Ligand code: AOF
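Here you get one chain, nothing else, as structure tokens; it is the form predicted alone.
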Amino acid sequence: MGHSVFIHRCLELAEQGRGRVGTNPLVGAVLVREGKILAEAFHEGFGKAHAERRLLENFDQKISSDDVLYVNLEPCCHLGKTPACTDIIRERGVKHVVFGMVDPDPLVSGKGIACLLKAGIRVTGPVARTRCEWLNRGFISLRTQGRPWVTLRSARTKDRAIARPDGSPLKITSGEQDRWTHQWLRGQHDAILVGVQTVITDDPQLTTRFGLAVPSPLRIVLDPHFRIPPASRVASGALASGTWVIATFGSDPGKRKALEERGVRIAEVPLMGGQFDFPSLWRLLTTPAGHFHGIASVLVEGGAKTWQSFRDAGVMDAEVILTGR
């Protein structure tokens, strides 16, 4: 049985950490003996034990010299929020490690592999590198571009319309397209971002639905002049506590207080040339603070001015256009 089979299992496990790890990577680990899985684990949350450490700390059997530890990301070799994974790999007597991709973090990149090799541990990889990098595209973007991975998503008719002639909402996508969007776009990003006009016009929920077992992302509303309707769904009930409104400094203190009392978080970001300053926005969204662990990916769902601002600023990594009707 090839190495890729077990790396793919690592990826399945890693996905279970989606929405919990913040700015950390999604990582799964598998211990294999004679082609059979003995133990497995994944990185369960920001600040918690890494996948390899969690697996090896919980595995209470003696590790054989022929056992192989699989992990989709190069093991870390530095002391951060948790101890170095290379330490426990050496301590438990693992003799062969197979990894999926090199860690892009300068604190680790190649150093984890070098540390294992120096300890006499056999290291194989990268294995299924493209799939591993796609899973952690947000983490890679944070470490290489200093910002989250950004996907733009829009829907338009065959005539390229995105709304009715009067600007009112137009249902464009099919039920099948909606379900795909919720599972493979909303469910694969840490945050959904819209401009305030989308909230005013459409009053969306910005959640994952259809009974899918995927987390609902953070909801972000760009609202420079604080126009969000107090009764909008993203600012009401249970949804309020998962919504951030990005406004300019000093925006309507009375309205701000009312929204904050519901659980909405109001964050202030300066404007540059009439648009929010993206570097300031990224620092806000990728800096862990308290119970907020930062985000690594953003799905930009509209509207037209918001899409264009991201394109003009060159902060777009992928674009998905759904065509209907």
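This one's a predicted model, so the numbers in the text were calculated from it and none came from an experiment. Quick note: we count residues from 1 along the sequence shown, nothing fancier.
One more form of this protein should be noted, the form predicted in complex with the ligand, which is absent from this view; the next part is about it.
Heavy atoms within 4.5 Å of the ligand in the predicted bound form are found in exactly one of 288 to 296, 23 to 31, 258 to 266, 57 to 65, that being 23 to 31.
Within 4.5 Å of the ligand in the predicted bound form, a heavy atom is found for none of Arg9, Ala39 and Ile89.
At the 4.5 Å threshold, heavy atoms of Asp190 stay clear of the ligand in the predicted bound form, well away from it. For Lys81, a non-hydrogen atom is located within 4.5 Å of the ligand in the predicted bound form, even though that partner is not displayed. Put simply, Arg137 is far from the ligand in the predicted bound form: not one heavy atom of it is within 4.5 Å. The ligand is not drawn, but in the predicted bound form it has no heavy atom within 4.5 Å of Lys95.
When the ligand is considered in the predicted bound form, only one residue from Ala128, Val150, Val108, Val234 comes within 4.5 Å through any heavy atom, namely Val108. Residues of 115 to 133 placing a heavy atom within 4.5 Å of the ligand in the predicted bound form: none.
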